[in-house]
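Shown below, as structure tokens, is a lone chain in the form predicted alone; questions about how it binds or moves come after it.
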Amino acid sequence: MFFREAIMRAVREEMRGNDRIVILGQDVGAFGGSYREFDGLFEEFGAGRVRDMPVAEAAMVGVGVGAAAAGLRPLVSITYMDFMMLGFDPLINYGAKLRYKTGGQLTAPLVVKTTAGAKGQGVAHSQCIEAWLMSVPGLKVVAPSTAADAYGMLKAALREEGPVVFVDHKRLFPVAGEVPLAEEIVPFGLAKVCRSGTDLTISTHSFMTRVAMEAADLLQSEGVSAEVIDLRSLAPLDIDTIAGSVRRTNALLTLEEGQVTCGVGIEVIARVQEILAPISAARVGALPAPVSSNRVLEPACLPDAQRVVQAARKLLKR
């Protein structure tokens, strides 16, 4: 099943089981979503539950948070993660804080599904800002890398009692993978060991998991055994799994498509060090520049397997 089809299946099943779930977003209706991840849902559930919205992300998120507080379970689809910034005020200052502000009397069971990553679309359509969201109390953030996890984690998100940001990636939509025939919920807060190793731990998430696996193959040819851990869930973060791996390998390399400054990787390293004391660690991420749509400059800015291998060599020598 393609990644986008896994998303579609999860939403369809949850909408059939809970008539409070509604979809709000641009092109989510008859068009089937910008990446066709909502194909067929408008025909099945109608305009009352699959609602096309104007190009106004602040309003979309605001309506979604308000509807969630009133008892619905909206899924708000933001085509580009860059545009989530427009919806930060209702999402962070209202949705994420609602349970705290009301002493648990009200919650905002909202899912904001947004698409991160670069794929030739330029500086304002290519950013990965997951790390910004990880620091918000009351907000959960997940970023699956496989069709099976997309299916299981989106189903879990649509059953949460508080707001969830579900991050997918442009380059993952056409990627296929096995998805269980039976319903399978993937709980938040559990990382996945994608590949076992003894010399180095690589922690990553989303599309970069595929890059990490490619790098691990290259390192294996050099006699380096790399363990690859897919975080899957960024908030909550499964530090125990990572720390357990680093305890065995004695080296941690973090990989992300976003910026390394105040990024996911530095948070992982800091928390692991709180458990294991100082460790040998390094970070790999995008270069400190806007991601260009130029066919040469875009890949030059983004992490690839060769950059990961080079960073691993340097880390292990150190």
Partner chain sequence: MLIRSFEEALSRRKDHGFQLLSSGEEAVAVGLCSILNEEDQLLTGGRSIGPSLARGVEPARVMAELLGKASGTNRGKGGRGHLADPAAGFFGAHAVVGGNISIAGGVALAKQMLGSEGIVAILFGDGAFGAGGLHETLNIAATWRLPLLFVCNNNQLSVSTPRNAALAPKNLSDIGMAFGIPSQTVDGMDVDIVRKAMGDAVDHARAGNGPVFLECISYRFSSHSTTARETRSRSELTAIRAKCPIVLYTAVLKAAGILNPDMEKELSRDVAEAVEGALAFADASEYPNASEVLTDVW
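Residue numbers count along the first chain shown, from 1. None of the values given here were measured: they were computed from a predicted structure.
The discussion below concerns the form predicted in complex with its partner chain, not included here.
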| property | result |
| --- | --- |
| Option touching its partner chain, based on a heavy atom within 4.5 Å in the predicted bound form, out of Asp217, Glu161, Glu184, Glu178 | Glu161 |
| Partner-contacting position among Val260, Val63, Ala282, Leu41 - heavy atom within 4.5 Å of its partner chain in the predicted bound form | Val63 |
| Segment that reaches its partner chain in the predicted bound form - one of 242 to 250, 97 to 105, 123 to 131, 76 to 84, heavy atoms within 4.5 Å | 97 to 105 |
| Close approach of Leu139 to its partner chain in the predicted bound form, 4.5 Å, heavy atom | yes |
| Its partner chain contact in the predicted bound form: Pro90, any heavy atom under 4.5 Å | yes |
| Any non-hydrogen atom of Asp52 within 4.5 angstroms of its partner chain in the predicted bound form | yes |
| Residue contact check: Pro278 to its partner chain in the predicted bound form, 4.5 Å heavy atom | no |
| Site test, Arg171, Cys194 and Val211 vs its partner chain in the predicted bound form, non-hydrogen atom cutoff 4.5 Å | no |
| Any residue of 22 to 38 that, in the predicted bound form, places a heavy atom within 4.5 Å of its partner chain | Val22, Leu24 |
